[in-house]
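The chain below stands alone and is given in structure tokens; this is the form predicted alone.
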Amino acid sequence: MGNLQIEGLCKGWDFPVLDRLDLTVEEGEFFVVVGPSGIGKTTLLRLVAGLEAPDAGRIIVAGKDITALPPYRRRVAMTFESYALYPHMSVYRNIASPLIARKTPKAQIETRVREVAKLLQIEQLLERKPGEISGGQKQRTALGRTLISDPEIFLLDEPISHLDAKIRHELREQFHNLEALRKVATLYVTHDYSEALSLGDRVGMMGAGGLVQIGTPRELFEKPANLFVARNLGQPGMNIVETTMARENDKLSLHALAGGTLQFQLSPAQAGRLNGKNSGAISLGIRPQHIRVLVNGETARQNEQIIDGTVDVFEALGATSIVIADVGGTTLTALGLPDETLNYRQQIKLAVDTHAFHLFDSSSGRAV
């Protein structure tokens, strides 16, 4: 097959959406584009599919420039967020429609449809119409129509975002195991960070104008390049505390600008990342999993700083719990143990892993 290359892609209307976007997705790679709604993720897929015309740039598949080709001449298969099934056709004919359009022999169509239906566990639905099946079954049908196409590029536009949690989990497992997706380049769009981290060989965070960071799921989660990536990747989201630097007795510390008493002392290595600055504004990032609620007389571990807080919100989620606490005028979110129970306005102690800090320049938003 081949890979997907995007060079200097631009698209805008009354405002810019994509600005000189560059991306290469290798053959067999599952590349996930994640970002908030309205940022341009679907526009990118529509440009690759030929449903929109770019203002500038090139789209290359398997070494061939397809930028000017109409959709029907591109070997690209797209699953739409809204299913886009033919309501008057059976599930069988919806899945078979790409092969019917190519005038594929009936025997071959029958074989391929049955194979795909078995893979997606919808064999018993082939004679039904879309109005007679559930949302999850409709999404499987739409995915089956995409898989049967034997394309050079798969484009998947939030294909499981509207489904219930159980079906989403099942389909995510299938995305991991579908051999068809590993034979070509796949571009998958979602606003759900957990999907992105679970599915992607690589992940691209979409921001204003294009992809603001590309890397493995672990790289984006553990080393966000800027505040935008830090805020939009993770659930619960990263705590961002606006601070100012202060040097005391040759040690650099960060004081929360929200007032109160919250401050953190930086290690020599962290202080060195600030290029010798002694003052200025820094955005301090702390992921909730790096803040522990101390219970039953627990003490701090190595590299942890103990701070006092008051519970504002407590959510028991079964496998874990979420604690939102007021700490000296600053709100921090922490992850708790599944068997913890905390009450509103309860006084607690939090242990913060100071070696897990993320530091960002407050003016530019870039990681330092």
Partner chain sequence: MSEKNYKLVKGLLLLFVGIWLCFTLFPLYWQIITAFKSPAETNLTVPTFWPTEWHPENFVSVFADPGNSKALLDSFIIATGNTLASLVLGTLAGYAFARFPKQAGGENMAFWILSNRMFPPVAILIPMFFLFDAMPWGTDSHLSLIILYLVFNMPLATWLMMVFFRDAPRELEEAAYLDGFTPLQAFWRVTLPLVLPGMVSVGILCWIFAWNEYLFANLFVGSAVRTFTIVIPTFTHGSQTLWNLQMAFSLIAMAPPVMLFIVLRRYMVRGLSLGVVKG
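Residue numbers count along the first chain shown, from 1. Small disclaimer: the values here were computed from a predicted structure and weren't measured.
Another form exists, predicted together with its partner chain; not displayed. Remarks below refer to it.
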TL;DR on 74-82, 211-219, 108-116, 229-237: the one with heavy atoms within 4.5 Å of its partner chain in the predicted bound form is 74-82
Counting only non-hydrogen atoms and a 4.5 angstroms cut-off, does residue 131 reach its partner chain in the predicted bound form?
yes
Please check if residue 297 has a heavy atom lying within 4.5 Å of any heavy atom of its partner chain in the predicted bound form.
no
Counting only non-hydrogen atoms and a 4.5 angstroms cut-off, does residue 287 reach its partner chain in the predicted bound form?
no
Considering only heavy atoms, tell me if residue 88 and its partner chain come within 4.5 Å of each other in the predicted bound form.
yes
Can you work out whether its partner chain is within 4.5 angstroms of a heavy atom in all three of 247, 255 and 350 in the predicted bound form?
no
Within 4.5 Å, heavy atoms only, which of 202, 93, 168, 292 is in contact with its partner chain in the predicted bound form?
93
Name the single residue among 332, 49, 66, 311 that comes within 4.5 Å of its partner chain in the predicted bound form, judging by heavy atoms.
49
Taking its partner chain in the predicted bound form, which residues of 55-69 have any heavy atom within 4.5 Å of it?
none
